[in-house]
Ligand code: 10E
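What follows is a single chain, given as structure tokens, in the form predicted alone.
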Amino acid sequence: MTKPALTLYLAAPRGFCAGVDRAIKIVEMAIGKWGAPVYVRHEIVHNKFVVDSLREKGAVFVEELDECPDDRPVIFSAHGVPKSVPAAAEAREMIYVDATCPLVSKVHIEAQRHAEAGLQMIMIGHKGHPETIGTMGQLPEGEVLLVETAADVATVEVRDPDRLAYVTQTTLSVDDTKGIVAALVERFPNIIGPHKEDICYATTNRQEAVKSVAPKADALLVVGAPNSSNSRRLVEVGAKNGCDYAQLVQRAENIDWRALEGIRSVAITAGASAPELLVNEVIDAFRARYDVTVEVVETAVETVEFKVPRVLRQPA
């Protein structure tokens, strides 16, 4: 039987960002240096395939530091941790390696500098997300106030409306965040923003790529995990930019083929914590059912690399 024709629009950039790549390397290098097991507080990145792969190599994933023994190394995830976590590790004389993405660390430093200047912080982010918890945990309770939507801005209670600054989670929707920032500036005209956008280059680039492919396609599939903020934002961006069917899939086995009946084109992208292996798996699944033509739609070229911590580097 002749397969129906299908065009796959492959968004670029997609998949791993520099911070995710660095965090995974840190776990692998730690296992190589200290042997298994190496403990990791929280999922190193939000992707089940990646976490399971590292678990097979000797990583043990826990949610809290008190689940780790004193005599084994522990790694803090790419999302960042409150200041209390490394302080507790030092008190127990543990070996620890911080795999926080440098762009998240930049937000931490930014918050600390604003606090030293006597400013109260407002953070735009998602309640309960590890990155939000980590950033808010850089300062004493009450010094960082969370807003999730523009509507939240109207009810947030601040100490002094003229002594404020704001930071954002790095994986938010660029467009949605602009609306929240506008609401903050309208209510608090003297609020100070970041010197450079907090939303990271990878989040921005992947969203721009989706905006480019979404209007071309009958459907958009985002390869990523349901607990991945940047992956979920890609689904939202696709839906808002002309793609009637936008779905998140962890693996090819999760594709709802019945929902795709009669389509002629599909856009594919991947969240910043999803490996290219899973994208290829999805493409192969389409090739098995369709006569596929692949068209890459590239909107940016990424060359960013982050060094691993000195404790894990080989001597020159």
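What you see is a predicted model, and the numbers here were worked out from it, not measured in a lab. Throughout, we count residues from 1 along the sequence that is shown.
Only in words, not in the display: the form predicted in complex with the ligand, which the text now covers.
Visitor: Is there a non-hydrogen atom of K216 within 4.5 angstroms of a non-hydrogen atom of the ligand in the predicted bound form?
Guide: Judged by the heavy-atom cut-off of 4.5 Å, K216 is well away from the ligand in the predicted bound form.
Visitor: Test of understanding: in the predicted bound form, would V104 fall inside 4.5 Å of the ligand by heavy atoms?
Guide: V104: yes, in contact with the ligand in the predicted bound form.
Visitor: Under a 4.5 Å heavy atom criterion, is V20 part of the interface with the ligand in the predicted bound form?
Guide: Output for V20 is yes: heavy atoms within 4.5 Å of the ligand.
Visitor: Is N230 close to the ligand in the predicted bound form, meaning a heavy atom pair under 4.5 Å apart or at it?
Guide: Heavy-atom contact with the ligand at 4.5 Å: present for N230.
Visitor: Do heavy atoms from each of H129, T171 and S273 fall within 4.5 Å of the ligand in the predicted bound form?
Guide: Yes.
Visitor: Here the chain is shown alone; which of V45, A30, V40, V266 has a heavy atom within 4.5 Å of the ligand in the predicted bound form?
Guide: Only one option qualifies, and that one is V45.
Visitor: If you check A78, I124, L220, V74 against the ligand in the predicted bound form, which one has a heavy atom within 4.5 Å?
Guide: Of A78, I124, L220, V74, the residue with a heavy atom within 4.5 Å of the ligand in the predicted bound form is A78.
Visitor: Taking 4.5 angstroms as the heavy atom distance cut-off, pick the stretch from 221-229, 142-150, 189-197, 89-97 that is near the ligand in the predicted bound form.
Guide: Checking each option against the 4.5 Å cut-off leaves 221-229.
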